[in-house]
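A single chain, nothing else alongside it, follows as structure tokens in the form predicted on its own.
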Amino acid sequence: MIEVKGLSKAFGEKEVLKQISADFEAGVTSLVIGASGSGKSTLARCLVGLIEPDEGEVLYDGRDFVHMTAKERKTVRKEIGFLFQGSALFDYFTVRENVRFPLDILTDLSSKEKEMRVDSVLERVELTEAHALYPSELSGGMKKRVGIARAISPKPRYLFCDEPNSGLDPQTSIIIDALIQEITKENEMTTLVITHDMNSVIEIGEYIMFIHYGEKWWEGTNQEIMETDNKEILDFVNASGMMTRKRM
């Protein structure tokens, strides 16, 4: 579980985050949505320590991340997996080498244990036949699945996904969404997805936080967002080019 309490951040005179509070539960697919420039990416960076908030708390299962020492933060970061927007695979590594990379730098597993773990996660994302391929030989969806396999290979307690469906066709996006949700539940991870994809919101949004100009404007489930009459959310949905299922 990740608890956010009164998180604020300003750059100069511009307030980017204003007293954000939320609970992201383990085993739940949580989504943070909002227009470009709303503050959702800044929030994610504050949560993992890439940006220091001006005030507020970030608690990883009760551990105060904001006020930790560098050594203490390193311990928590080893428990965090990242799925980057562009997959961020190493072009000169094979699929197997990409997935093994975090095991080499974050764990004390033996070589045999690492290989077994790589085999396990590649099987989980249905890429057992792709271990010797290079990223240039993969489709966009395959790259995302390799990114997921790499993110979960060290068995993280927390998973951050930055626009996981960016650049993917709708059918592949549905597959990636389902995979993220399944893995979240299987491993009881605390998963946080930063997205503007309304398909993802409707398909896997068990908890959704909508940020509007740096403020938490709304929170609820994918069912509740289809029932809302909140003007700003409706504007966001309409701007995304998709109507909710209720209105289709």
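Throughout, we count residues from 1 along the sequence that is shown. Treat the numbers as computed from the prediction; the structure is a model and nothing was measured.
Although it is not shown, the form predicted in complex with adenosine-5'-diphosphate (ADP) is what the next lines describe.
* Asked: Quick one: of 187, 30, 222, 42, which gets a non-hydrogen atom within 4.5 angstroms of adenosine-5'-diphosphate (ADP) in the predicted complex?
  -> Exactly one residue meets the criterion: 42.
* Asked: Which listed residue (202, 35, 26, 183) meets the criterion of a heavy atom within 4.5 Å of adenosine-5'-diphosphate (ADP) in the predicted complex?
  -> Of the candidates 202, 35, 26, 183, 35 is the one lying within 4.5 Å of adenosine-5'-diphosphate (ADP) in the predicted complex.
* Asked: Would residue 237 count as a contact of adenosine-5'-diphosphate (ADP) in the predicted complex, using a 4.5 angstroms cut-off between non-hydrogen atoms?
  -> Output for residue 237 is no: heavy atoms all beyond 4.5 Å of adenosine-5'-diphosphate (ADP).
* **Non-hydrogen atom contact residue 231 with adenosine-5'-diphosphate (ADP) in the predicted complex at 4.5 angstroms** => It does not: once adenosine-5'-diphosphate (ADP) is placed as it appears in the predicted complex, residue 231 has no heavy atom within 4.5 Å of it.
* Asked: Is residue 16 close enough to touch adenosine-5'-diphosphate (ADP) in the predicted complex, meaning at least one heavy atom pair within 4.5 Å?
  -> Contact check for residue 16: yes, within 4.5 Å of adenosine-5'-diphosphate (ADP) in the predicted complex.
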